[in-house]
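Next comes just one chain, in structure tokens: the form predicted on its own.
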Amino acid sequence: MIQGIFYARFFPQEGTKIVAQSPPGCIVPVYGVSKPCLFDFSVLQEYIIPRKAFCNRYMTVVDPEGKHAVLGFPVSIPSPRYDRNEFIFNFGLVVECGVVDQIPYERVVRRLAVTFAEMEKQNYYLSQDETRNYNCGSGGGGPRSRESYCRRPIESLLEIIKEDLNNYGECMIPVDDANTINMKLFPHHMTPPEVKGWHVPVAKMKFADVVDPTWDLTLQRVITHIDGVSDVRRIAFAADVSLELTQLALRHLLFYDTILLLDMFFFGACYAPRPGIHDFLANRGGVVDECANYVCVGTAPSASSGSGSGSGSSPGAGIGERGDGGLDMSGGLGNSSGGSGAGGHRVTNYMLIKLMTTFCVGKTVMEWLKGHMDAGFDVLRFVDVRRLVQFGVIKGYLYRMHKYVVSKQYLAALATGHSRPVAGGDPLQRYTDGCHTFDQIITEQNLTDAEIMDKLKTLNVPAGDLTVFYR
């Protein structure tokens, strides 16, 4: 949100002055306004109207307290008509630091600078006497004088621009008979990350409600196979679309923040808790109940099933059917496959917290599962393990420990430049530089984890040369 907007000008005799501001008193004190200024103008005035080398370019200045940022585009118009042969002005915006994304406002500042610079070059709109009466017809002197008076005051322009952009995100304001200011705030989307064949896309919305027949045909075919389980390679195969086009379509969805990417789920994978798991322990915002509604399946556990002396929560409602595997963050994660259904019951909060916090480095999901089964709790009967892991990763409570393999001999060959691809050689060799995860090997070579380990054992390398590690 725009906290303030101003028009500053350099006067040959008086220096930098704020000619107009909205709201009144936001930049410099105004008589009758008791509200304090947003920042100390005397400290930042040399940056509002800077040296000539910084004119005609976009600038951002943060006040010493770090609360507000001033976005401006100082303009210098050289002409013998002006004193000192140039006219310098700046239209600036004041926004909060760290709260507002400044990138959408850059176009607004540039548009204001370009528009008023052209108006100044055409009819000296800004350099006219500031003491004139701006009411149409209030003075004689012919057409040129009447054209000068028939224009909107800059103070009212700034006020309308600020209010319209804050309330509607756009403005269309007639300045005079020949000029109109048209501006709109567009959201800024970051460049999406690369989509790999081993990523698993998860929908954050129900595409069936928004898909349109005019959408790209490839995109329509791809989104029907996004279920929160299938990786990109499988989606491409099921949709009968090339892998490259599938990745491009998913990256387009990432750009608009309609999906997120996760890792493939394996019982042989390792997960570890993040510091954010403290929020899960404290059940902030009812996150444990949200987790229960998403992961619980089967029938209610009996007292002898090892559920512990938890909170004794009553059975919750099942997850609503969602055909697309989307995320419903207001009421938990959407259904992907299976689900608790109408007859599902939840385990206690204590047991859910225990399950989530017992993931650790060096212990696979299978070993984690076996540990709870040996303790007397039949996890698979009451909890969907994949959903539990997915919930923890999405919420930031867990992170995936990826599996790599490195060959000392291959690294030495790479370092000396002697590594050359050998025709008919083992295809796994190029993955032994410690930079390729097992997920990548699984998707690109179409092998299981066990098959990869068996092939690595038969790789033509010295004994003890290969090392498998988690990172």
Partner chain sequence: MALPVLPSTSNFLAVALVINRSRDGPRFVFHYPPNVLPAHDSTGHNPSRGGDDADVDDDDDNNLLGRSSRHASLETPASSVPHAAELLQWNHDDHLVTESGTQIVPWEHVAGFPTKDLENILTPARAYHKKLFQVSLDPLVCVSYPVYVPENGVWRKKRKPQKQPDPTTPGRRDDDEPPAQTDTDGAPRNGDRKVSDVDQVDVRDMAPRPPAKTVEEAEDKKSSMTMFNLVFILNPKKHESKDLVDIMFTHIIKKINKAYKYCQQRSDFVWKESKKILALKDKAREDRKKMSVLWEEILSSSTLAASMQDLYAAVSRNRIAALQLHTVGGLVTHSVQIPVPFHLSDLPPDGGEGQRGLWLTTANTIVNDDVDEEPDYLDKNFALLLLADEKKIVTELQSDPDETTLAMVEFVRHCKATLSFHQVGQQSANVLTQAQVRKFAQHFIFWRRGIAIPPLHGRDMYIVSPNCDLRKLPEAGAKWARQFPLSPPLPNFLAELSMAPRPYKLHCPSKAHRPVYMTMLAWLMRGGWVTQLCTFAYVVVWPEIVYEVEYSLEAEDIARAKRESQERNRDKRASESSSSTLSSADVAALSDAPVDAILSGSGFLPLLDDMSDPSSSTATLRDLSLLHSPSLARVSQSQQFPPRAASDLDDSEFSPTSPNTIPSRHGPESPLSRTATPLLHDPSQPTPAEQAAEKARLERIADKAARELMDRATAHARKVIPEQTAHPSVNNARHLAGMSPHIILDAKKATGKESLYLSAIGHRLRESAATGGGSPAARRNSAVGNARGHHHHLHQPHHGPSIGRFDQADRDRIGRDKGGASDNMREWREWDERVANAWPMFWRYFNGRSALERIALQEDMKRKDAWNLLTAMSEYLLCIRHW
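Being a predicted model, the structure only gives us computed values, none of them experimental. Positions refer to the first chain, counted from 1.
A second form of this protein, the form predicted together with the partner chain, is not displayed here; the remarks below concern that form.
Interface residue among 167, 156, 79, 122 relative to the partner chain in the model of the complex, by the heavy atom within 4.5 Å criterion: 122. In summary, among the residues 85, 128, 358, 242, the only one with a non-hydrogen atom within 4.5 Å of the partner chain in the model of the complex is 358. Interface membership of residue 387, defined by any non-hydrogen atom within 4.5 Å of the partner chain in the model of the complex, is ruled out. In the model of the complex, the partner chain lies farther than 4.5 Å from every heavy atom of residue 370. Using a 4.5 angstroms threshold between heavy atoms, residue 251 stays clear of the partner chain in the model of the complex. The partner chain is not shown here, and in the model of the complex it never comes within 4.5 Å of any heavy atom of residue 381. Of the stretches 103-111, 224-232, 242-250, 203-211, only 103-111 has residues with a heavy atom within 4.5 Å of the partner chain in the model of the complex. Annotation: in the model of the complex, residues 20, 29 and 172 none come within 4.5 Å of the partner chain through any heavy atom. Using a 4.5 Å cut-off on any heavy atom, the residues of 272-287 that reach the partner chain in the model of the complex are, in sequence order, 273, 274, 275, 276, 277, 278, 281, 282.
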